[in-house]
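Next up is one chain by itself, shown in structure tokens, the form predicted on its own.
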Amino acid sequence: MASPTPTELDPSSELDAVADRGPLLSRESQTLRFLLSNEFGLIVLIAIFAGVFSLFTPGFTSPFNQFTLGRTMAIDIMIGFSMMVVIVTGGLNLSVGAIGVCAAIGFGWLVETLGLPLPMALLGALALGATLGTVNGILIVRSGLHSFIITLATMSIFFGVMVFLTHAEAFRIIPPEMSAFGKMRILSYVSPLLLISIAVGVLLTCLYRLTPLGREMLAAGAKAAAAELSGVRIGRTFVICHSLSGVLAAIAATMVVARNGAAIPSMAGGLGQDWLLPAVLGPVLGGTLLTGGRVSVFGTFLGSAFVTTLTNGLLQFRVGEFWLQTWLGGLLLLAVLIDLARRRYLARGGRRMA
């Protein structure tokens, strides 16, 4: 008679074997999820397009272009963050560009007209951005209208009031240390503005992963009614998200001022509309759901970086502005359709979305 196997002698040994394989299976599952994620796809796309541009456009790899690319990338990333913190609630902030222009002009006015020192002027610009964002949030909560409608209206209101008060004049007397900061190079390639965007990204990651407020924002975006029953103050959370969006838009605006050496009303296009496409593209490409409840700070960072790299490379190829906007618009549509197909596929497979 054959001797019993170890499993027959001790049934718990099979459980121990499964438990031993558990960490390995978990690591394999995590690796598979990362390979299927938006973040990995963006890393591959950035590497591919950067390689193509490097081969066919010699100026792409020059130290000056790499510095310029990083500086522009920092601003686009911050613009993406500004929209991301509102998309996480299932809303939109179409006034991102208008708030940014108002903050930049407010900064220029505080410096040139009132003669405030640089730190106080920067705080004033951030406070103005937070105030305008708070106005958006309060109007949305009190009216019950979708943020698309409210921020579409305030985009015109904010920009119009700013033009009326300043007569559309630029403020060009900027503290020299701020202009020097915008032109500074670290190791000949890296702009310190990019380091600021990285630092803000780390702070936002900590907000969503480690703080009760961040979890409330995610809960409010996923299922507002259920979150409210759990004690989350939905209206207050929405207002905070829009206030944070205003602050981030103001940071992006001060970056533009540091890069340009002046606060110009047309820095974000008419009504600030030039910021809208990069503001939405970064979060959507990065995996932040338009329906709310899921956020990817790292994905937004990579999405904005990809948009900047693609824009810079196409300009190196001397692609016209019209065709560039066509490319970016098509990219946004493709990203939304791919995300929709991905969610449907995972739902049919009975698996949780990565």
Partner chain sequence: MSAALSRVLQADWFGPLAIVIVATLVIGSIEPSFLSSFNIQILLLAVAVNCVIAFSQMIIIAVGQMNLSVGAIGGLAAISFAGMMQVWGLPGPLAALAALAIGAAAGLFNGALIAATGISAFVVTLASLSVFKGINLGITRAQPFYGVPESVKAFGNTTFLGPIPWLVLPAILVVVAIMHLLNRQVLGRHILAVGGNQSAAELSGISVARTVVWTHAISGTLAALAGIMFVARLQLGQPSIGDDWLIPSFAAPVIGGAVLAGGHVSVSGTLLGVVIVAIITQALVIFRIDPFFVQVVLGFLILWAVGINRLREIRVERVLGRI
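So that the term is clear: the rigid core is the largest set of C-alpha atoms that superpose within 1.5 Å between two forms. Residue numbers count along the first chain shown, from 1. Quick caveat, the model's predicted, so the values are computed rather than measured.
Below, we refer to the form predicted together with its partner chain, which is not included among the displayed structures.
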| message | in the predicted bound form, does residue 326 come within 4.5 Å of its partner chain, counting heavy atoms only? | response | yes
| query | At the 4.5 Å heavy atom threshold, is residue 35 in contact with its partner chain in the predicted bound form? | reply | no
| Do residue 156 and its partner chain share at least one heavy atom pair within 4.5 Å in the predicted bound form? | yes
| said: I'd like to know if residue 116 sits close to its partner chain in the predicted bound form, meaning any non-hydrogen atom pair within 4.5 angstroms. | reply: no
| said: Give me the residue from 152, 138, 198, 127 that has a heavy atom within 4.5 Å of its partner chain in the predicted bound form. | reply: 152
| message | I need to confirm a contact call. Of 120, 161, 178, 202, which residue comes within 4.5 Å of its partner chain in the predicted bound form, counting heavy atoms only? | response | 161
| said: Looking at 246-254, 274-282, 108-116, 188-196, which stretch has residues with any non-hydrogen atom within 4.5 Å of its partner chain in the predicted bound form? | reply: 274-282
| field | Displaced residue check between this form and the one not shown: residue 328, CA, 2 Å or over, core reference | value | yes
